[in-house]
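Only one chain is shown below, in structure tokens, and it's the form predicted on its own.
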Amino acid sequence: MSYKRILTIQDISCVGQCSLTVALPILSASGNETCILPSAVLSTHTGGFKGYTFRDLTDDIPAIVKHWLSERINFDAFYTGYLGTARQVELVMDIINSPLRLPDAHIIIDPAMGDNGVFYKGMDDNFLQSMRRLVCMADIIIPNITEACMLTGIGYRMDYDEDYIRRIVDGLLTIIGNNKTVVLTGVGFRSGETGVGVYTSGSSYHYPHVKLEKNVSGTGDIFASAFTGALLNGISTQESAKIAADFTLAAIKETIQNPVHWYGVKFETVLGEYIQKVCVSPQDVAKI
């Protein structure tokens, strides 16, 4: 198994099991060196907590990058999550275009902008236009259906069929390039089902699983981080998506009977299962 250095760029919500407090332990557990570039620091995430603190770190990013460049630091992969402003998106594009990027580096973008058909708080069309430019730099993007609709301009629907999903995916591939990959989360074609789809211009793969009625913050971050860790270990895109979906589902199951733990997902208690699946050679993954 290779040992790669990844830079993940997103906020720190100190309490709440999302963003960097999810990405750092999961990516590290995959056996890869994980470096962070915080876009903001919040006392908690914004989903259900009141009176949280927020400190924007946009102005700190250029100096951090300048220091890394002076030290000749570089990265095998870049994985972005929640970015709070269009300016931060522009800075991330500069980072990806800089000498910090090794020639064969993976670029994985989670275009975190919204859910259930609406923008997250603070997001707007100006941010969307910047995100459309950023996803063009990606090898792999990991949107949910809402974000995919925002990027393509296709109207959001709660009820859909495979043709609708394929139309969205084709729109995304037109934007990012047909040689790229779309990993679309929250896709289910039957009642009580959700899943993840992996799409390129010439292939499609859908991995369905049961939909649990537990809506909490951080599940998208858990999936994207688990997917990225598996992929960096040489596991195929489709198998990485399956591993990440199974891990996220197992974490939700751990949480669902605990009403006190309403603010996040107890991914830590099933982290050992994830390690067993990704910290092996690619040839052994199918045997697990």
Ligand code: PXL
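Residue numbers here begin at 1 and follow the sequence given. Only a predicted model underlies this, so the values are computations on that prediction, with no experimental measurement involved.
The protein also exists as the form predicted together with the ligand; that form is not presented, and the subsequent description refers to it.
Q: Check each of 146, 217, 152, 181 and return the one that places a heavy atom within 4.5 angstroms of the ligand in the model of the complex.
A: By the 4.5 Å criterion, the partner-contacting residue is 217.
Q: Which one, 42, 29, 252, 37, lies within 4.5 Å of the ligand in the model of the complex by heavy atoms?
A: Here the answer is residue option 42.
Q: Might residue 172 be said to contact the ligand in the model of the complex, defining contact as any heavy atom within 4.5 Å?
A: Looking in the model of the complex, residue contacts with the ligand do not include residue 172, since no heavy atom lies within 4.5 Å.
Q: Just to confirm, residue 199 within 4.5 Å of the ligand in the model of the complex by heavy atoms?
A: So residue 199 does not count as contacting the ligand.
Q: Since only the chain is shown here, I'm wondering whether residue 46 would be in contact with the ligand in the model of the complex (any heavy atom pair within 4.5 Å).
A: Contact check for residue 46: yes, within 4.5 Å of the ligand in the model of the complex.
Q: In the model of the complex, does residue 82 have a heavy atom within 4.5 Å of the ligand?
A: Yes.
Q: Enumerate the residues of 8-27 that have a non-hydrogen atom within 4.5 Å of the ligand in the model of the complex, in sequence order, or give none.
A: 11, 13, 18, 19 sit within 4.5 Å of the partner.
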